[in-house]
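First, one chain by itself in structure tokens, the form predicted alone.
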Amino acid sequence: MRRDYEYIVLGLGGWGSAAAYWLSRRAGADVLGLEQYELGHVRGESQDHSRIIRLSYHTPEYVELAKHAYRAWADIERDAGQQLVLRTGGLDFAPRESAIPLASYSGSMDAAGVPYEHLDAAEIRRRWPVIKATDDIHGLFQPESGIAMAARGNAAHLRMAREHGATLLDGTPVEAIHPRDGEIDVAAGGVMYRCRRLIIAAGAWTNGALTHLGMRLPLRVTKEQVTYFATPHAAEFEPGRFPVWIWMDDPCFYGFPVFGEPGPKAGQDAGGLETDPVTRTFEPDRAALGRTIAFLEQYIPRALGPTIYTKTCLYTLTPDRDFVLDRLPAHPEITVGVGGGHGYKFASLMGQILSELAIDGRTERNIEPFRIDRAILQLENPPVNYMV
């Protein structure tokens, strides 16, 4: 069995599967991906049918990254011969005085040259009569927003990584990481592997990997959830008739048209309780579900119906909710990526950037805001802001 590789990726979820894919496009069989559970497992952050993808973001830097994300998804779609993004249009809406001002989103899209429409409540009601927008509400509509097909996207990245020559192993938990003499020894699944460059894309298990390197980030892991509803009005929520949407206030809610299940999906953003990724349960949080139902009763009541199911996942939150995307200062041969609970829409691009950092030591994308040594990540108990 081969044990020496140029590149090893730890974690094969959203970002890790993409990193394995983009590495394999350039390095072929010199890529090894390691997953502690089975491939496609549901214990982490990036499974289920759908995640929101959008150009509407709170800073111009994120908007520019989102443009590149669409291009990266288009590349893997062409390579895999499979659709992975469905454009539905996206509505960000909120009271005119809200915890997440829409002005930062419109200003960022203006700066990045992204077209959008500013809608008053009457126009929101006209376009989507199922939304009960009161007169104090306004919104932004961006037509390129839609659904990134999460489980399908992960599977496509993994399948194409293998087709390009990568070796992917599941059921292979990491037991030790030892940088030595310009190389890294990785003990996993009872076997010692060696590589020249290592990518850690371990999501909620990031600190477990960093512990081997004497590091720890101030990350908070929460158990989040979304619920599919068997509305009797499902036809009104079909893609093409209904957009993805985000309620930009505190609490923040979001939802999808019908996709993957016979009803729309909704949930609260960053509303879950802190948990341990190893011992957490998969039981729905009834209080969180109650908050989502109460929101829908007020603003989108026709989306409600019997619960099809509630699906749990994890968020790995940085205190400022910005990504970590950087090489380790003390070990530049090791690169780390953390998505901050909103990273799936960028997954293919993040895989590309992680591969560039590993192979070239640099990327053309602006990742300065995502440095691992930024000030807030040096604090033991940093202030947190998840409202982005």
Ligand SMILES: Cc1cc2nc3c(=O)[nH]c(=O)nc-3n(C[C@H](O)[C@H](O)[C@H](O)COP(=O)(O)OP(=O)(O)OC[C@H]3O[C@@H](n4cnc5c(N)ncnc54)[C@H](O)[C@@H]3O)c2cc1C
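Values in this document were obtained by computation on a predicted structure and should not be read as measured data. One rule holds for the numbers: they count along the sequence shown, beginning at 1.
There is also a form predicted in complex with the ligand; it is not shown, and the following applies to it.
- Of the candidate stretches 325-333, 355-363, 59-67, 35-43, only 35-43 has residues with heavy atoms within 4.5 Å of the ligand in the predicted bound form.
- For the chain shown alone, residue 23 is not a contact residue for the ligand in the predicted bound form, no non-hydrogen atom being within 4.5 angstroms.
- The ligand is not drawn, but in the predicted bound form it has no heavy atom within 4.5 Å of residue 119.
- Contact check for residue 349: no non-hydrogen atom falls within 4.5 Å of the ligand in the predicted bound form.
- Of the heavy atoms in residue 254, some are within 4.5 Å of the ligand in the predicted bound form.
- Interface residue among 153, 263, 203, 243, judged by heavy atoms within 4.5 Å of the ligand in the predicted bound form: 203.
- Residues of 358-388 placing a heavy atom within 4.5 Å of the ligand in the predicted bound form: none.
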